[in-house]
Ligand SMILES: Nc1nc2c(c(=O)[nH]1)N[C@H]1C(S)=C(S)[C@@H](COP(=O)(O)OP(=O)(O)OC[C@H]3O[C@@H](n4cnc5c(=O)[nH]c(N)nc54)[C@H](O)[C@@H]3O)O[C@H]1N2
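Only one chain comes next, encoded as structure tokens, the form predicted on its own.
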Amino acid sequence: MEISEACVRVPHDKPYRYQVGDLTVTRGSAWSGPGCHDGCGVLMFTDKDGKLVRVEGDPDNPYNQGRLCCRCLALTEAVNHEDRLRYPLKRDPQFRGDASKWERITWEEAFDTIEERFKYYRDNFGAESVSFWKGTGRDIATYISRLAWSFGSPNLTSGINGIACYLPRVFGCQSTCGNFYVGDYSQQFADRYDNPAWKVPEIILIWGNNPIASNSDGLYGPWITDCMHRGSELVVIDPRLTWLASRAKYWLQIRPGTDAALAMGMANVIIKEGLYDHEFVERWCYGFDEFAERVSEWTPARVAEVCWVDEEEFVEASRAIAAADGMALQWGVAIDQTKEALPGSQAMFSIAAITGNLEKPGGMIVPPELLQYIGGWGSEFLSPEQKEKMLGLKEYPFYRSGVTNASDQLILRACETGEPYVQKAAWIQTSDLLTGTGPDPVRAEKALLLNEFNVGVDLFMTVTMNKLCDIVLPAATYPERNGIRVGDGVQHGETINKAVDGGEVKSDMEINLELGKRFNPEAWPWETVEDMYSYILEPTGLTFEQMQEEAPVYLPYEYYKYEKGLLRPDGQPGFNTPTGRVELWSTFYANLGMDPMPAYHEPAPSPYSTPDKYEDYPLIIITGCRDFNTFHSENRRQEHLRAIAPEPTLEIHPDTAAAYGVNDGEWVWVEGLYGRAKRMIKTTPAVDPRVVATTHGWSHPEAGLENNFDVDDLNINRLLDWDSVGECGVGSNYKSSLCRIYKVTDES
């Protein structure tokens, strides 16, 4: 039986495009750009002139059930914005940084030039001399991967140090049980909360995540409150008192960067008090005794001392997690953005394992996916010889386990030194790395300026493209193009349906397809992107055109797959690991010469690892908190979104602000070990007096491109270091640096 016959369809009264009075309505899903990691069902309204005039949530889409955030509701302001890139542009490299030197060119000239230059570098210096930067590409990222690998470059990278977004959690899961797990909020069922197989999680453990403002791993934040209405209680681990933390049964205000210690302490309480799932551990866990011994040193008293949490509350929270009939771990990017993210992720996931919360209703589940976005698409076109040249492979043995991203900081070092080989060009798509995600943007800018030729693709002219690039290509917003969503932690197939004619802009996928056919026709045999989508959808038995009418289509789902042989390629019961069990002692890590069990590494710098630096920089700073109105560096130009948070603020405890003599609304310099950035004071008791917190990705578009949108003053990543990377090359210290503050004055 084809998958399509087993899929569950959502009934629709109308076709995916229909009329309401003088307006045309197009049903689709919201991806990028602008977008986030969700893909909510939307209804896009266009007038008789074809202009997007309104966006509403699709009440028939089970994913968001008609609800939309402010970013989707303000979509018209992005699509119709006067500052949109509308045509390909070029500029002589000698004028990089000068916004007045851009000249309009045709797509043909742009593609011809890129093809000629990239092929020249491939033929004369090797394809590895061209790096591909893909940012947080959502549904676009997998096509950028295919473009890089089919070109022959092993240096595909994310623009975020230590691959410190999503993938550390994926690696931590996979090294323990062979798959990536997400919380079970009934999202895999078309009838959602009414499905009789589903059970509401008794406890949702929210760790380093603010899902109301930031939706990761295919999670729609309001699912948390939906479950709360149905009885779920929360345990929240966060240095900040978020809205959800204020409503939690237990809130543990952890010291930033000490998550692994807290997780190991929780496991110790659960094991010492005999609260673990004895049957599951005995049948399905490997290395339990060794794991129990490893975590035994993390007594409640030690956890309280290291993590700055209340000892009694910590123990009670641990007991509640163990006693829950269904516990969903909702973890976020804060876990990835510690230097030793892998052992931390391993420790946290082990809690779900020893409490038996894998593959059970209301626990942690493996979502079915048609296309594995985690590893990219098209790696078979990268020859073994080229794979060996990936920067990071020799330096970090863990990269040999299947890591597909090259090391960002080693690419920059190759730009600077020419070692182990020269860098000549960069392809930068869905990434504003000098504004949003890259640490030490001064170093990144200097390094990438040494390239002879750089190309950027985006919706708007970014600071990154204006400073670095010689050709820029205008990308379509999601209402201006077609697309599919069939991976990235989701359980169903969606289509992104074109509702608006964007003029000369092209979709990211169309750009990748066109250049891919020029670089390697064998890897890109399709005439149109719709043909390419239909190829990907073949396992469903549906073409893209059929999926447009039928989406969302829900893939078949079963609980307890490990008992039914549905997790292993050999069809045998068990987990997709060498032992067939959840490996609390990881044979995967051991074979790579790594510590097979979780371990805690004190952040550096920190009050304890670098006390001398702590004297000069006496505050711990969290960078990259999330706002409701923005996604990384996106949405800054949309006036209604900007009005929600008009300036970058620094959250600081009132007592700390008083000690520094600063008041709400005053501008301060936040200075770290590597640089400084401006912030506006916002006093709040939601942070510890020893901690400050801020958002990232800031710019002032009104300042003009000639002033780099004030990014040089506002980028909080100037406090961070490219060389702060975990021992295995994964993880980076974004969330627990040291800083000091002082007022912005004429002199300073």
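For every residue, the number given is its place in the sequence shown, counted from 1. Worth saying up front: this structure is predicted, and the values here are computed from it rather than measured.
There is another form of this protein, the form predicted together with the named molecule, and it is not shown here; the text below is about that form.
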Exercise for the section: Given that the partner is absent here, state which listed stretch (389-397, 446-454, 252-260, 539-547) has heavy atoms within 4.5 Å of the named molecule in the model of the complex. Expected result: 252-260
Handout entry: Heavy atom within 4.5 Å of the named molecule in the model of the complex - residue from 632, 339, 294, 424
Key = 632
Practice task
Identify, from the list 165, 406, 351, 235, the residue with a heavy atom within 4.5 Å of the named molecule in the model of the complex.
Solution key: 165
Exercise for the section: Indicate whether residue 508 is a 4.5 Å heavy atom neighbour of the named molecule in the model of the complex. Expected result: yes
Handout entry: the named molecule contact at residue 627 in the model of the complex, heavy atom, 4.5 Å
Key = yes
Practice task
Please run the contact check for residue 239 against the named molecule in the model of the complex: heavy atoms, 4.5 angstroms, yes or no?
Solution key: yes
Exercise for the section: Find out whether any non-hydrogen atom of residue 136 is located within 4.5 angstroms of the named molecule in the model of the complex, and reply yes or no. Expected result: yes
Exercise for the section: Determine the residues of 398-437 with a heavy atom within 4.5 Å of the named molecule in the model of the complex and present them in sequence order; the list may be empty. Expected result: 429, 430, 431, 432, 436, 437
